[in-house]
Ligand code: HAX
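In the form predicted alone, a lone chain appears below as structure tokens.
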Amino acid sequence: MKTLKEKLYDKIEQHRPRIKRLMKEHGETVINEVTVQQVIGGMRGIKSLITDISYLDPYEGIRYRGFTLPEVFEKLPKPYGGEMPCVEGLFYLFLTGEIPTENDVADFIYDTINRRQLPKYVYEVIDAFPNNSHPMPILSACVMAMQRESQFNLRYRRGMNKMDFWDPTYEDALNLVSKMPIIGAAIYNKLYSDKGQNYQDPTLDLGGNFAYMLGKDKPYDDVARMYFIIHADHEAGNVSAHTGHLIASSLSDVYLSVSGMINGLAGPLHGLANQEVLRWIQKLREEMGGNFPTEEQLKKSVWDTLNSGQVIPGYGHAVLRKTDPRYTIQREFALSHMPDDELFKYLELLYKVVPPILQEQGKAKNPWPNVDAHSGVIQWHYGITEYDYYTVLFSIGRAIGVLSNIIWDRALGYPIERPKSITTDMLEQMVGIKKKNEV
């Protein structure tokens, strides 16, 4: 049976001619038009990136290698006694486009276990931060500190055919994806917990070992698997995925690239939405004075929020036009494991109340909940009550997709990214706006 790396090499050899043909025969073909609104508005919707790892379908939600999320959760192998699939199986799917067998996943887990050990200096980096530090700078610093471990850098300095760039990048990526949950657990234990520990259980998969290191009992191992999988990728244009791709396009190693990804994810417009949802729901609960609201009371609170010029956090999406499947997967888990949780009951009533109100208001293109509407509530239920840490969990998951994309970027020889910018004067001239002294 072929190893993952051997199977990936076969896939790369099959894919390279496709890119070469597109460039040679269709390199000048126009596939998109750009508006002034897109130029000024953050390049939203401009088709200018390529990834085969995931695609955001407006009606199906995120697809991983063509599979919908429900299909991914159904088809990927699960650990013994586990409800959610092994995260390692998702990485295999991202790299090959194929659903792995149980033996494939077992072999991959065995490989990653041998890569999990952190260098001593990484723990020293963690310990060097003050106890009141935000966890995201610690995570970023730890990943960047490991840059000295990069096999790509070593082989690049010695001289290497560019067609082989993917090989040491693959090794670096597996090393990093194996270590990030260990770093995340060590950061949590330093900042927040006296119950967790830095010892690992080599018999467990990535999600199970992460829960073990945090000192969390079942079913938090399944919560970790679910959380990492649903956050693993979201096309190539979001800030974290694009940042990782952009940095790697200069042939920076994966440690520098993922550190940049983490920094982008830490921004309040990207990775902090689930915190805002949780704060808003808890504020609602305080306003109710400990009494669970009626449907009419909740409708009034929602309208009050909208009429004050605020949005309902966790609702709406730039692309989706239905309930986010990542929300639905979490909801099904919560219905099974925590149906009586008070915050979850708020979510259920909001799910009933908010969409009709947003439709009546008429401003939201998508009145349905997204992934962030649910994820914080589940973490809170299982004792992860430190808001700032949620983005670390997000980062561990997102690294899986970013690293998979970087491996394929190197395999297909994509060039350094360098879009062209223009001045405001030039843009005004393009649309026919004259300056006052020209009128």
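Each residue number is its position in the shown sequence, starting from 1. Between two forms, the rigid core is defined as the largest C-alpha subset superposing within 1.5 Å. In this text the structure is predicted, and so the values were computed from the model without any measurement.
There is another form of the same protein, the form predicted in complex with the ligand; it is not shown, and what comes next is about it.
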query: Quick one: of Val311, Leu154, Met144, Met163, which gets a non-hydrogen atom within 4.5 angstroms of the ligand in the model of the complex?
result: Val311
task: Could you work out which of Arg115, His270, Lys300, Lys218 is the residue within 4.5 angstroms of the ligand in the model of the complex, going by heavy atoms?
output: His270
- prompt: Among 207-215, 262-270, 285-293, 334-342, which stretch sits within 4.5 Å of the ligand in the model of the complex, heavy atoms only?
  reply: 262-270
message: Can you work out whether Pro355 and the ligand are in contact in the model of the complex, taking contact to mean some heavy atom pair no more than 4.5 Å apart?
response: no
field: the ligand contact in the model of the complex: Leu306, any heavy atom under 4.5 Å
entry: yes
message: At 4.5 Å between heavy atoms, is Gln379 in contact with the ligand in the model of the complex?
response: no
message: Just checking whether Ser54 would be counted as a contact of the ligand in the model of the complex - the rule being heavy atoms within 4.5 angstroms.
response: no
task: Could you check whether the CA atom of Gln359 moves 2 Å or more between this form and the one not shown, using the rigid core for the fit?
output: yes
query: Fitting the rigid core first, would the Cα of Asn132 be found 2 Å or more away between this form and the one not shown?
result: no
message: Core superposed first: is there a CA shift of 2 Å or greater at Met338 between this form and the one not shown?
response: no
